[in-house]
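As structure tokens, one chain now follows by itself in the form predicted alone.
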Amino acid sequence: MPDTTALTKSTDVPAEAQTPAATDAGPAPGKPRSLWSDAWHDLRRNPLFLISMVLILLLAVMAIFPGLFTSASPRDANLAEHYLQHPKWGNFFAPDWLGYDVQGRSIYARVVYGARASITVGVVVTIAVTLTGLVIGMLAGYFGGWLDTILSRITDVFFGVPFIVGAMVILTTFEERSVWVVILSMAFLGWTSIARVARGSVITIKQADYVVAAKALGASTTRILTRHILPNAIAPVIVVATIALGGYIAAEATLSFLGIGLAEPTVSWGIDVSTAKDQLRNAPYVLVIPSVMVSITVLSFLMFGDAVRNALDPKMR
């Protein structure tokens, strides 16, 4: 006769006690977020970031597709009929919505088309100085020694040159000041801050355990720099670059206002401000409207940079 004692004991055990131990422990904790995913999680909930992104996207679309905003040409002039014609605020988005300038050109059309030159200069200069400063800073910080000394002294020399004054000196040597000439002159002087930030980050990161382990395993210098150093040193560089972008747009407008930056026939907000400075009393809107566009653009990128800095810097949380 079979022994039913074991069967009786097993049936007397409550069902809850027979469930696996993993069930009592609850769901496994989720995978920890990386720095970038954590930063994106914070940015999506930051109203400063959302407002700046909407403005930047609007300005980008205006710069790339100006025909979506106006059918008027920014260079068509009619002095006989449109000389300093006042704005017609009720006729939104028409060529005469914001009035006409001293040459009888539509201010609204010039505001729309002027976004292309200003944003192009700001974005391309930022990319150029970021790449240049990042390479110089990484080489100086990683190798150290005599290479660090030479690159640091070169950086100090360029850093000691006032940015606007240096750009003025360079631009005065060119007879034709196109968009690319302005970009190259500004990029030639603007990489020093990025280089200093990158050098400091690399000096800190190269002492980390995973970098030491990669060296011990025989990883090449190129692999260490691109796979271990760069991904961990790029965050502060991005913060500095995004904040500096607005400053480069303002610098381009300043140089154009002084008559040393962009020149006709290029359409630029700085050129329009320079042309309208003598009409401040008679027609202040000719000066105010492009100046407001410069301010909105610079403020948008500064807000964006501040939001990115707060998201990537743990000390700002």
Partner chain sequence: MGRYVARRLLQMIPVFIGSTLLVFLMMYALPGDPVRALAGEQHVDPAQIAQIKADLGLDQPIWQQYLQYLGNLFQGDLGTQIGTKRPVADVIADAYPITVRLAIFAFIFTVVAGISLGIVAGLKAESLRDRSLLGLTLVLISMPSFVLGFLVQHLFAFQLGIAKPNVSLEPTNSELIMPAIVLASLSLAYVARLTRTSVAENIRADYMRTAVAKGLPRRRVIGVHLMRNSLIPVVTFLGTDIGALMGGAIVTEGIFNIKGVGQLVFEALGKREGATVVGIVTLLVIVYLVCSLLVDLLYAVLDPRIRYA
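Residue numbers count along the first chain shown, from 1. Keep in mind the model is a prediction, meaning the values are calculated, not measured.
Below, we turn to the form predicted together with the partner chain, even though it does not appear here.
Asks: So which of Phe143, Trp180, Tyr83, Phe158 reaches within 4.5 angstroms of the partner chain in the model of the complex, heavy atom to heavy atom?
Replies: Contact residue from the list: Phe158.
Asks: Only one of Leu57, Leu258, Ile64, Leu50 gets a heavy atom within 4.5 Å of the partner chain in the model of the complex. Which one?
Replies: None of the others qualify; the residue that does is Leu258.
Asks: Which single stretch, out of 203 to 211, 233 to 241, 163 to 171, 96 to 104, brings residue heavy atoms within 4.5 Å of the partner chain in the model of the complex?
Replies: The contacting stretch here is 163 to 171.
Asks: Are any of the heavy atoms in Ser291 no more than 4.5 Å from a heavy atom of the partner chain in the model of the complex?
Replies: The answer is yes: Ser291 has a heavy atom within 4.5 Å of the partner chain.
Asks: Is it the case that Ala39, even though its partner is missing from this view, gets within 4.5 Å of the partner chain in the model of the complex, heavy atoms only?
Replies: No, Ala39 is distant from the partner.
Asks: Though only this chain appears here, would Leu280 touch the partner chain in the model of the complex if you measure heavy atom gaps against 4.5 Å?
Replies: So Leu280 counts as contacting the partner chain.
Asks: With a cut-off of 4.5 Å between heavy atoms, is Leu287 one of the residues that contacts the partner chain in the model of the complex?
Replies: Residue-level check for Leu287: yes, a contact with the partner chain.
Asks: With the partner chain taken in the model of the complex, which residues across 296 to 311 come within 4.5 angstroms through any non-hydrogen atom?
Replies: Read in sequence order, the residues that approach the partner chain (within 4.5 Å, in the model of the complex) are Val298, Leu299, Leu302, Met303, Asp306, Arg309.
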